[in-house]
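First, one chain by itself in structure tokens, the form predicted on its own.
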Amino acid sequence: MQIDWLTVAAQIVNFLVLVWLLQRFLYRPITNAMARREVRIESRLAEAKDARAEVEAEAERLREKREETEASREEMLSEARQEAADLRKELEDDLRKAMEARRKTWEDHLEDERDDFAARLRQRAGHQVVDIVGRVLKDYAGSDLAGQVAGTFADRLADLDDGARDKLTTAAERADGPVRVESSLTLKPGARSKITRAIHEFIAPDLEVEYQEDDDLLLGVRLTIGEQTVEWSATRFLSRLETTLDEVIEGSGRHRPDRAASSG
């Protein structure tokens, strides 16, 4: 077989031309396109990686923020629970104090009511005693007792101090009319004479004496000269007793708050 080298050479040249043409117009554009695409892909991958990193960073920030929020919420809940507990304790203390104060006020009120009732009872009992004594004395105020009262009154005139006697003497000197002697019972002439002699002897002589009766006087005699008065009677003593009884009861009532304050 004979080889045609010219044909072979021509085919080789044709092949090389074809390779160059393919390289020039096909492979290189494709390679360049693939390279550019690879660059774009790498760029997008880098962008995606950056975006993923950013997303992961944002997610981490959100997670940290959520953890901070959870911690803050727990702290706020704990503070709220503590404040609620403190407020409840404060309200319970205030309620207990208010109840204690109300109980103390109620006890003081009851004690005051009890003391007032006891004071009124003592006062009423004292007045009853005075009234009973007065009735008993009035029941036993016979004529003989009236004479003894007249004698006692004459003795009282004799025992007057100088100041009281001087006042009665001065009043007698200024008197225009008779002096007045009042008694609870009708005095016999002997009893009247005894009192008249005492007036003339110890106050002023030649005084005209007028005798009257006064039912308010209990076992007693009252001498009135002008504005001056001398009286000796059971009524006077009972009135003093009643006044003293009232003063003692009222005084004990005024001192009760001081004792309560000192005991508190």
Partner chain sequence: MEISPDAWVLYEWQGLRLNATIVFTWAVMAFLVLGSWAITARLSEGETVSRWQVMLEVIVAAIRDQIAEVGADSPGRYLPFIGTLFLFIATANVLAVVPGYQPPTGSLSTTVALAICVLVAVPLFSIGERGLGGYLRTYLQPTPLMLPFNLVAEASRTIALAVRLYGNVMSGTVIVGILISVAPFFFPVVMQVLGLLTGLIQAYIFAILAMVYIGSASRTRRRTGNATASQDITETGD
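Values in this document were obtained by computation on a predicted structure and should not be read as measured data. Residue numbers count along the first chain shown, from 1.
The next section is about a form of this same protein that is not shown, the form predicted in complex with the partner chain.
Peer 1: Among 48-56, 202-210, 29-37, 220-228, which stretch sits within 4.5 Å of the partner chain in the model of the complex, heavy atoms only?
Peer 2: Within 4.5 Å of the partner lies stretch 29-37.
Peer 1: Consider residue 14 of the chain shown here, and say whether it contacts the partner chain in the model of the complex, taking contact as heavy atoms within 4.5 Å.
Peer 2: Close contact exists here: in the model of the complex, residue 14 approaches the partner chain to within 4.5 Å, heavy atoms only.
Peer 1: Test of understanding: in the model of the complex, would residue 197 fall inside 4.5 Å of the partner chain by heavy atoms?
Peer 2: It does not: once the partner chain is placed as it appears in the model of the complex, residue 197 has no heavy atom within 4.5 Å of it.
Peer 1: Which residues in 43-60 have a heavy atom within 4.5 Å of the partner chain in the model of the complex?
Peer 2: The one in contact is 44.
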